[in-house]
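Before any questions on how it binds or moves, here is one chain, the form predicted on its own, in structure tokens.
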Amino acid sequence: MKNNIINKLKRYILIVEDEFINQEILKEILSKEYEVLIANNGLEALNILEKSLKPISLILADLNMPIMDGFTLIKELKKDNLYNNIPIIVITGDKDSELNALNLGAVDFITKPFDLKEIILARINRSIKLSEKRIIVKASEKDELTDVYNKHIFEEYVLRIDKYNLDELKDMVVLNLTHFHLYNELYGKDEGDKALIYIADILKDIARINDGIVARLQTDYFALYINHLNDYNELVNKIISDLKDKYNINISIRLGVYTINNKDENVESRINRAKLVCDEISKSNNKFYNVYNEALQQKQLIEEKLVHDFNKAIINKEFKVYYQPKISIIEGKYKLSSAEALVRWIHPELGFISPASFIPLFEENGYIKMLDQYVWNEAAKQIKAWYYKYNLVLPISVNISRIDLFDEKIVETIEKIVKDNNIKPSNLLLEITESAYNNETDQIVEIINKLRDLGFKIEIDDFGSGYSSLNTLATLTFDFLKLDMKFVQDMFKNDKTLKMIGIVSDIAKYLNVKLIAEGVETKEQLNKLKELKYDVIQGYYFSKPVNNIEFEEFFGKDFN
């Protein structure tokens, strides 16, 4: 029904003609299909366009008129962004005039004396349809705010450029307005939009100069596909200078550059590589662009392989759980109190892979949830195995990531692991890193309370590493507080750090929770922590993380 109503609406045509008889003839021909407006010359036509509340679909203009002729009218219309897309058909009987008008931007012509009614209507209908189609295509291609290409169309045009410029070296450039959300918050979204439009215009100029195209990828990210540049300092300085001149403040930018050596490479992959090096630029003001190199390429290839091999690694148990002892030092008596489960990857091709290489990667893509559950299961099985082998229960702590805490079934999952292995909840200690509860505190408090009601013990890991430490202590209930290892590493570098370590000890005693220090490597560190009344020590001073067989050597060992 809606489409039928739209189809019945008449489009507006503006006839610009100084002869009354010609006006009447054209009006008679067109009025059944179109709403017709009349102007006697070019100047009058411009006034009508300025005042009209209805969009004009086509202008039918005579070339020879007083005050302002058709040629001048066309020139004026093409200079104005509001009107330069309106198709113009000229009325003339002079062949030379037809050619001049077409060169100026007219789309068609009608000869005098007038053609048959059907021919005139056919020419007008065709011109309007082609114009509207072009507008629709352009609107679908462009970002609505900045009038640069959207990502999908940008990728299509990159392929077309490559097709006809196979031997030309090109760069994929990703530009980011660093912390642009802060600019929006300070000056408002309208001002932020103006800044985005302005930088898009700068990038359009750069693209034109360097035979390229530009797109807006997302809110504050743009992409350029341009001829290769050996040095981007001049380009970066121009952008920064233009922005500073316009806004009198520094809108910080950063660029990632990826030079295309293989034009068969997927366009999205090229964009991702440029964005990768863009995002790796630090907050330092002395570096504004980064170039993708072989080392980064190798790093990305390895990361892609790790992601690809993840599921197979889970099935084949390539992930090995290592255990680092936690030693109780209460009243000067050192004894094994528990262990922390730490995952390692023994890859069949790449060998031993450090957690630092794959944990952040899996946190980013969501695989960390599956990996964590794998470790929880392995740890629970080990508690059970050591109980049956040595008739002792050694609690093992496992890490709970931020992603885990947003799983609606996390409580049921952990409870099932404990039941399946016939161990007590208090034997599987749950370490929650401080960074996991910077936000959404209510939901996390609810989950932790459910777990503690079931008998699980909660460890707050990496305490002091974030910004919400004291708030955490006030809102969460827990059983162990683990000091971030950076404090231990720096404890003798300045008095302030040492005093903070002492304050954390006082807090733990006040809250009546056990206090753990990790990262302990020297006897000097151990003695000071013992003096400050820490309860449990973890670190290389006693042992690095070891496999389950090696760990059994600690059972019954005298650590004094």
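In this text, residue numbers run from 1 along the sequence as written. The structure presented is a predicted model; accordingly, all values stated were derived computationally and were not measured.
There is another form of the same protein, the form predicted in complex with a small molecule; it is not shown, and what comes next is about it.
Shown alone here, Glu431 lies within 4.5 Å of the small molecule in the predicted bound form, counting heavy atoms only. For Ser354, a non-hydrogen atom is located within 4.5 Å of the small molecule in the predicted bound form, even though that partner is not displayed. The closest heavy atom approach of Tyr12 to the small molecule in the predicted bound form falls outside 4.5 Å. Under a 4.5 angstroms non-hydrogen atom cutoff, the small molecule in the predicted bound form lacks Lys299 among its neighbouring residues. Between the options Val107, Ile383, Val375, Leu476, the residue in contact with the small molecule in the predicted bound form by a heavy atom within 4.5 angstroms is Val375.
Residue Glu521 is the only one of Glu28, Glu521, Glu33, Asp506 with a heavy atom lying within 4.5 Å of the small molecule in the predicted bound form. Contact check at 4.5 Å (heavy atoms) against the small molecule in the predicted bound form: all three of Val343, Ser401 and Met485 pass.
For the small molecule in the predicted bound form, the listed stretch (513 to 521, 493 to 501, 64 to 72, 43 to 51) containing residues with heavy atoms inside 4.5 Å is 513 to 521.
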